[in-house]
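We begin with a single chain expressed as structure tokens, specifically the form predicted on its own.
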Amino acid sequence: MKETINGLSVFLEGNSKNKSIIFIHGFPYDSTMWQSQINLLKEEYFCVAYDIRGLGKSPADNGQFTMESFVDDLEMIINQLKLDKPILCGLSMGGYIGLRAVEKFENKFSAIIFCDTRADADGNEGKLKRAAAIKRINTEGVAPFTKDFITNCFGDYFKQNYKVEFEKRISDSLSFDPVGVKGSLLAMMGRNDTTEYLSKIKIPALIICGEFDALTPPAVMKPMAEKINNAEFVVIKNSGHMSPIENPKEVNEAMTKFLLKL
């Protein structure tokens, strides 16, 4: 079932009386990246997935996004749907949103699952890369940037063995509004660093990382997980930055084991 909340496209599966899980996708993707996880969990959980503003089926408006405005959108969805302490699951940019939301109002959540993401903010090099990406979109259009970025997100195993699905991920993202894509880059460039809050997190946490993630490798994510009290850290085999798509079987197993302990 699809709902529109403050202009955002929100997709609901499962019984609303069950415990809820909110899925926040990465950049530059949409909520469909979580379909394998939702298919598994919708019988026992109320699954809420939404397209981040400016991506997927959510409008870009003026594209003047900040990480704070993305967090405001998340909070509005929680309030509008009257979700009682949902489990929060985010990947990459979705993890940035989730980390800031937990820092801002941890008491609204019962547990967190973060995939292929990081707590530290962009340094100077990262900011310059975001700025260069925006410039490239302005001069060349969104397609060349999107194709190159998504290609770097996936590991070699997936690109070689699942070529049709890989190409579909690229073609789907090419339809997104360039204003929304650039707005997401601006939001990520300006996000705050949530590293200091990691040690203060009290709710259960599962941290998942692709074995061959080139953007947030295990060497980055393991220390992040170690800063969270009693967090579980799982490395997903034959997977790059998009582990829930590249190896859904292992991601689903990790999530299921974690959820059973709650």
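Throughout, we count residues from 1 along the sequence that is shown. Keep in mind that this is a model prediction, so the values were computed, not measured.
As for the form predicted in complex with a small molecule, it is not shown, yet the points below apply to it.
Where does the small molecule sit in the model of the complex: which of 105 to 113, 89 to 97, 69 to 77, 169 to 177, heavy atoms within 4.5 Å?
The contacting stretch is 89 to 97.
So the small molecule isn't shown here. In the model of the complex, which residue out of Ile150, Val181, Ala119, Met188 has a non-hydrogen atom within 4.5 Å of it?
Checking each option against the small molecule in the model of the complex, the one that comes within 4.5 Å is Met188.
With heavy atoms only and a cut-off of 4.5 Å, decide whether Phe65 touches the small molecule in the model of the complex.
Taking the distances in the model of the complex, the answer for Phe65 is no, it never comes within 4.5 Å of the small molecule.
Are any of the heavy atoms in Gly26 no more than 4.5 Å from a heavy atom of the small molecule in the model of the complex?
Gly26: yes, in contact with the small molecule in the model of the complex.
Classify Lys159 as contacting or not contacting the small molecule in the model of the complex by the rule of any non-hydrogen atom within 4.5 angstroms, answering yes or no.
Lys159: no, not in contact with the small molecule in the model of the complex.
Looking at the partner-bound form in the model of the complex, is Leu215 within 4.5 Å of the small molecule by any heavy atom?
Answer yes; at least one heavy atom of Leu215 falls within 4.5 Å of the small molecule in the model of the complex.
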